[in-house]
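A single chain, nothing else alongside it, follows as structure tokens in the form predicted alone.
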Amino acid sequence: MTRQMTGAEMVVQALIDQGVEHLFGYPGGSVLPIYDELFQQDKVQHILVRQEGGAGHSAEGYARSTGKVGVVLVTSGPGATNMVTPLADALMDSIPMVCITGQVATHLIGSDAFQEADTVGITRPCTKHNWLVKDVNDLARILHEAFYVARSGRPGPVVVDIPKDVQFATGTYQGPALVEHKTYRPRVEGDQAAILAAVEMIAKAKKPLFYTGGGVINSGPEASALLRELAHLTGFPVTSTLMGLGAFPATDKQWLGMLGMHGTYEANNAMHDCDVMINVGARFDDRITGRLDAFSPGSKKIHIDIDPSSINKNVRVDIGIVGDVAHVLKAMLAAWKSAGHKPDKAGLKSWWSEIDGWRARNSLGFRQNSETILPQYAIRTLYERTLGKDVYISTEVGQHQMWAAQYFGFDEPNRWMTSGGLGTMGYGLPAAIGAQAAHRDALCIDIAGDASILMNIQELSTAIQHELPVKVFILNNQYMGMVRQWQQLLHGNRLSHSYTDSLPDFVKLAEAYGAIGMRCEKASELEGAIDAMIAAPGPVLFDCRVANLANCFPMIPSGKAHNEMLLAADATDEVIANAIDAAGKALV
């Protein structure tokens, strides 16, 4: 389809042609022509946020819960700069996002005009690619390219910066079928020789481990299904990064839980002692590896990733396979079956026996033996009360995020939305709004902390306006919990500015926005209160008062290896003091 349109019309038509149903944004002077076109159509629903950063995180939640591209529309200057954090967040976590920004007229660029900013320059380090459109006849092609780049290969955010005069200008619109990117063509099929070598290595393993990441989820539901098939065929244990939760069922007997700094004892010890590690769509992040020179020292390593730059970037591997997870796993399954491979049963039996010994430590165990609500109990109870429901969970960042990852089980992909790489406080509420916009009848819950929730609390107004019944479950301990924990363990218990006194009354704050406010302070009342939250017809702020000084364990102290975890049961003053001393020496 080619026809004459204004630039503003092209933007809206491109969104329609790309199948966009929801757009998160905030109007301003340099995007008013586009907003005028949005007003005159009914195919794309615009969701008005209260701050541009909220639009970005909403688009992330939308993308993460659907597998589609999240789309944002904001104005120039401060509108664009407010998007920097969500863009950086999406880049770190490989979230596909198209951000359309307005810009001052082309003849004013570089003159320090009102609400001018070098959007392309500012966002270049936190996007996969960005464009400044100076000719209306390039606009349609660039918009379609933007969607292609955002969703292809390793997904990520892109920016299209459109000056106001280009939005008013008239040019020729071309549909997506006529756009072919000439240089960016990511490899999706893995090298067959490398795949065969990997399968041979896996077949000989005695202590194998699948280490899975967000790339499994980004590859689509087929990748998760293939991972499950391969894991069940081999009988190998499976662990996951924070971003990969849900790719393999948490209720499966082969699941070891999350690994890394706050992972389970069994997952981290298995990572340290395995002889063959199969990394599927993870990037060897520092929160996973711990001390690099002590990371899984005796294992041979296979790394499957669609991003070539991730192979051998942080950890040297024996076999690197560049390709889309689903394609590579399908080829690996075919090779395994055609060769008639069988796992080493004797070795695997011994390996599982070793793992069961680590499991017996019950590293996530806790005792709820008083009316003061332990945060672990709060998350576990929330999980139990939502079983069987269509649930999407987002989080803010901090202790509550780690407790959610530890105690809320995910059996399906795309149900877990959290800020992993950048660790962005304020992510959870807008992300839940994005998920709720995509899944109107689902139960979308933001597990929050009392400090994090205040970062983007204004987005509660967005939920009210658009009738999005998100639930915000606040673990309120009156501290920036993770900051306080690190200050206790690493800084001599000097709690410098981590006590969040002068908190609002969350019940009254909810009511001020027109939402429902609830509070629970007793463990015996928690189940009923959560049921009431779930049954509430609209947005809810649930103030769950939890133990003030609870710490998040297990924990790998700074400078330690995976097999040197600090467990809650071992966290005596003497052990903590030794951990602090060792961490201090490691950091010098």
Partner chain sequence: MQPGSVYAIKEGKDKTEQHTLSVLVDNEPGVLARVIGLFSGRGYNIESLTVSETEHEKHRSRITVVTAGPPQVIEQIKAQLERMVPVHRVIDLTVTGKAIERELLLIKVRGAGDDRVEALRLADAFRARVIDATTESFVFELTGRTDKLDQFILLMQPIGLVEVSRTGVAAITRGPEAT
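Positions refer to the first chain, counted from 1. The structure displayed is predicted, hence computed values, not measured ones.
The protein also exists as the form predicted in complex with the partner chain; that form is not presented, and the subsequent description refers to it.
Although the partner is absent here, M332 sits far enough away that none of its heavy atoms falls within 4.5 Å of the partner chain in the model of the complex.
Interface residue remark: I195 is not counted as part of the site for the partner chain in the model of the complex, having no heavy atom within 4.5 Å. Although the partner is absent here, R415 lies well away from the partner chain in the model of the complex, with no heavy atom inside 4.5 Å. Among heavy atoms of K182, some come within 4.5 Å of the partner chain in the model of the complex. Residues placing heavy atoms within 4.5 Å of the partner chain in the model of the complex fall in a single listed stretch, namely 146 to 154, out of 390 to 398, 146 to 154, 274 to 282, 342 to 350.
Site annotation in the model of the complex: the residue of S309, S496, T172, N369 reaching within 4.5 Å of the partner chain with a heavy atom is S309. Only one of the listed residues (K206, K313, R228, R361) places a non-hydrogen atom within 4.5 angstroms of the partner chain in the model of the complex, and that residue is K313. Residues R124, K128, H129, N130, V149 are the ones in 118 to 150 with at least one heavy atom within 4.5 Å of the partner chain in the model of the complex, listed in sequence order.
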